[in-house]
Every structure is written in structure tokens, then in C-alpha cells.
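Okay, so here's just one chain, in C-alpha cells, the form predicted on its own.
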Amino acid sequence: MLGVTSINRCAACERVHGRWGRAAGLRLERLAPAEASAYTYGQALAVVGLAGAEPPADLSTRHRREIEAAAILMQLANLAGNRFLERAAPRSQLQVGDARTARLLDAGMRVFDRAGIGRARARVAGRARGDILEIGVGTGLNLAAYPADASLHGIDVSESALAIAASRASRLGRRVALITGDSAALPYPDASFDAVVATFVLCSVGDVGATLREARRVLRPGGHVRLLEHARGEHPALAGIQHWLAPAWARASGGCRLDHDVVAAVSNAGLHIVEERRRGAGVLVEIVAAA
């Protein structure tokens, strides 16, 4: 039930089932393997339906039927209009969730993509495989780059950006489970994904270390964290300019870090860098890391 309803952006469902889960002693970040597979199956049902989701081998018939019944009930509720309902945001998040801000950011990033960033985006997202989580999915600019057979999940703090992402996914014919949440406290069990992707996200999250540790936690053995970020330049003069501009840039951009050291942050989170590609004197960096 928790897995199914985690896909629905309905505050009432979240309150009811969250309260039930706490009463039952369930903690999403510490689910047992059987519980974790049931949770993931519930999410898959909510996205692709009964015909498209394969039940885990360790799931009992009774448990499978209960989860499928929950998925059917949610689909019926969605017909009444409760899918992707807007949720009132705290005042501190109003700017993040503002629809106009989301549209402006989407338009701005598309300009950068045409200027060459799109090729880097295609490498980072396009080479991910299997069950993929994109943190800070935003307006869904990476959706077109993912392999056709990938199972996609996306999380972002902005409801407005996610609404654009949902519309983009529909136009592309992509199925993706989009939920609102904090990248520093991911609502997924341990070892849930084969790849975790983030593009231009670490520069603006509240806690970079916690976000990367969470990415590591939900990564399966053999999986990779794939990052595309802007970072502090390699040349001392350039790095100095970035450092000097950083405070004003943060105020103008809503908290974006102009001079953060992405490579150090990844290593400090306990991730091992297996690939690193730098462009523009180190200002643009692509990283593939493993736990």
C-alpha cells in the first residue's frame, strides 16, 4: 500500500498511509528485503499497471493480490482526479515551487542544451541502465535521453517542475514515477536502483553530503551514481573569480553554489569515482561513481 500511494501526489493519502506505516513500525529506509521488493512492486503497478509489472519471486500470492488491489483502487481514485494534486508548500519553498520560475528554468536550460550541454546530458543519462532514479528531476529534461527499456523514477522538491516533467513524459511516451521529496532523505529502501542520476542538482541542494550519501544508500551493488555538474574551475584565477562571485550568485539564483568542489564532495560521501570528464577549464564535470 505504501509503495502504491507513494506515486500519488495526494496529501490526504500520504497522511493516512504514512500514519498507518508508522503505527505498524515500518521505516522505508530500513525495510526488510521482502518488504522492499513489495514496496517496489507497488510503485511499478502504480506506473505501468497490472499488465506491465512483473511481481517479485519472493512475494506470496496473498501479498501480491493485496498490492494489486491497492493499485486498482488508486487507479479508480485517479479517474476522480486526484493524481498529481498540488500540495500547499511551506513559505520557504514557494519560490522553488512557483510555476513561472519552473517554466523559466526549463527554458533557460533548453538554451544551454542547444549550446552543447545537451550532449553531456545525453552521455550521463543515456548510459544509465536498469532501474534508474533521477534526483532533482526538475522539468524532466533528461527523460528523452534514457534508454527505452529503463524503469524510471524521479524525485524533486518542486511540484510545478514535476507537473512540467509529467507533461513532457506524456509527450515522449515515457513511463516515469514522479514524486515530491527531499534528495537528502529519499523515500526508497536500501539498494533500490541500478543507477542514480543527477544533473545540475548538487549546486543547489541544501545538504550536498546527505544527498550523495542517500544516493549511495539506494544504489544496488554494482550500480553507479552518474552526475553532470558545474564546479569550481581548475585554474586558480578562474576559481578565485568564482569564489568572489559566489555570494551574489547564490542570492540571485536561489542558493546555487558557483564554486563548489564536486569531486571532493563525491569522495567524502564514500563514493569511488570510476570515470571523470571535465570541460571548460573544469567548470563542467561529468562523474560516474560507485559505492
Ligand SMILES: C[S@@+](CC[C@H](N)C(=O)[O-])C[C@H]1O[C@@H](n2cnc3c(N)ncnc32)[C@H](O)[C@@H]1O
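When you see a residue number, it is the position in the sequence shown, counting from 1. Here the structure is a predicted model, which is why all the values come from computation and not from measurement.
The same protein also has a form predicted in complex with this ligand, omitted here; what follows describes it.
Participant: Heavy atoms within 4.5 Å of this ligand in the predicted complex: which of the stretches 150-158, 170-178, 122-130, 217-225 has them?
Facilitator: That would be 150-158.
Participant: I'd like to check something about Gly138: if you look in the predicted complex, is any of its heavy atoms closer than or equal to 4.5 Å to a heavy atom of this ligand?
Facilitator: Yes, Gly138 sits close enough to this ligand in the predicted complex that at least one of its heavy atoms falls within 4.5 Å.
Participant: Since only the chain is shown here, I'm wondering whether Ser183 would be in contact with this ligand in the predicted complex (any heavy atom pair within 4.5 Å).
Facilitator: Judged by the heavy-atom cut-off of 4.5 Å, Ser183 is in contact with this ligand in the predicted complex.
Participant: Is there a heavy atom of Ser192 lying 4.5 Å or less from a heavy atom of this ligand in the predicted complex?
Facilitator: Output for Ser192 is no: heavy atoms all beyond 4.5 Å of this ligand.
Participant: Can any non-hydrogen atom of Leu105 be found within 4.5 angstroms of this ligand in the predicted complex?
Facilitator: The answer is yes: Leu105 has a heavy atom within 4.5 Å of this ligand.
Participant: Counting non-hydrogen atoms within 4.5 angstroms of this ligand in the predicted complex, say which of Met109, Ala210, Ala145, Ala166 makes the cut.
Facilitator: It is Met109 that has a heavy atom within 4.5 Å of the partner.
Participant: So which bits of 174-204 sit within 4.5 Å of this ligand in the predicted complex, heavy atoms only?
Facilitator: Gly181, Asp182, Ser183, Thr199, Phe200, Val201, Ser204 sit within 4.5 Å of the partner.
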